[in-house]
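Encoded as structure tokens, the following chain is the form predicted alone, with no partner shown.
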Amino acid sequence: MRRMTARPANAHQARLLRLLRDHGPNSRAQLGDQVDLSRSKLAVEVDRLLETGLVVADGLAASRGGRRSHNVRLAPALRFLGIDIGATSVDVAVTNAELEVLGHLTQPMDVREGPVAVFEQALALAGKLKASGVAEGFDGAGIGVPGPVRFPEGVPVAPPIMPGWDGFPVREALSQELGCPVMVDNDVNLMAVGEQHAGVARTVQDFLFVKIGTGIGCGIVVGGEVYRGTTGSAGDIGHIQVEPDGRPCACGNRGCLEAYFGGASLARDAEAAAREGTSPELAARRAAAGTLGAPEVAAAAAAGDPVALDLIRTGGSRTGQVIAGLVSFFNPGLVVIGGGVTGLGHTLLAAIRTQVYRQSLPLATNNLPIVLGELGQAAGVTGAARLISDHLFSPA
């Protein structure tokens, strides 16, 4: 059954809903301190929100002297679905209206299987979450995919690692399946939004979120808003050249950052070291695990393996080379490093920092933190829930 979620009637109501989402239950008096409305106008807008069912009364507020104000909060029954599709896995989570994660499932998945197969898995995970009792239905869903997205239509555009996805009507198809409004964006943008909402970037308006996963991408936040570019491909830094006439890249060019670092390149180089006998430690881990990836390289590095350490440091240095150019161009207040490959930890972070601080102008880096994200896997699904709530908490 389709859940018809009401929408705010004007910008004042939208502002009130977002304040309640971001700061939790609040009194009418406290809300009045944060919005530019007279007491009588505020009362009218809150009462109208109460009538829509988006907001409910929540008892009396603590006294501030005189007559006590009433608390209001977002409706406890509101539920948002966040789906974060990566190159090799899918994460699905359910949140309440304040974007607290109530249930979260993940499973391996190859995005190259195509949209129909991938969304069958994602919907199956959503069904399991519903069956667990955290949601009866969904009021909206946000979806991240690992490629450029034509944002107004919710359609992937020429994604280099996603055969069969170009032009697929993700928003339309999933809205019909789920029976609720759906919004779609690039997965790295949503991870940036997740860290902005509940992670390390909560107090920053201008920052870069660099995801190092199977490939490498960058979410760009300007004045608190994601910058997507004219065609949705802003932040595709994995295809910035780091070596002229270098290794061939999946995009068709040569010498791209992704050809040298990221989960896929790291696994290939680690396999080569194990196969050629330059790293007995990696060879032993490949024999034990059957394969090599970022976790095995991280474990080998922790054991002091010089080849694994060199792979991490060299990859971090190349990534830092690209980020240094971005820092000089954009002058952000923060750089956040996230994604699955960040399990390589502080060896990777130190290599990135060293290169950025060495290459960028001191004026841009004097007070520039370069840090690991706080939310880990939850960043993408939190950002997806934030995306759909931003849509629903905007005037219709």
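No experiment lies behind these values; they were computed from the predicted model shown. A residue's number is simply how far along the shown sequence it sits, counting from 1.
As for the form predicted in complex with a further copy of the same chain, it is not shown, yet the points below apply to it.
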| query | finding |
| --- | --- |
| In the predicted complex, Gln359 touching a further copy of the same chain (heavy atom, 4.5 Å) | yes |
| Distance check, Gly133 to a further copy of the same chain in the predicted complex, heavy atom within 4.5 Å | no |
| Glu243 within 4.5 Å of a further copy of the same chain in the predicted complex, heavy atoms | yes |
| Partner proximity in the predicted complex: Gln321 to a further copy of the same chain, non-hydrogen atom cutoff 4.5 Å | yes |
| Listed residue that, although a further copy of the same chain is not shown, lies within 4.5 Å of it in the predicted complex (heavy atoms), from Ala302, Val157, Leu105, Ala284 | Val157 |
| Residue among Arg313, His197, Arg171, His239 with a heavy atom within 4.5 Å of a further copy of the same chain in the predicted complex | His239 |
| Residue stretch of 176-184, 263-271, 218-226, 115-123 approaching a further copy of the same chain in the predicted complex, non-hydrogen atom distance within 4.5 Å | 218-226 |
| Heavy atom within 4.5 Å of a further copy of the same chain in the predicted complex - qualifying residues of 326-365 | Leu326, Ser328, Phe329, Phe330, Asn331, Pro332, Gly333, Arg358, Gln359, Leu361, Leu363, Ala364 |
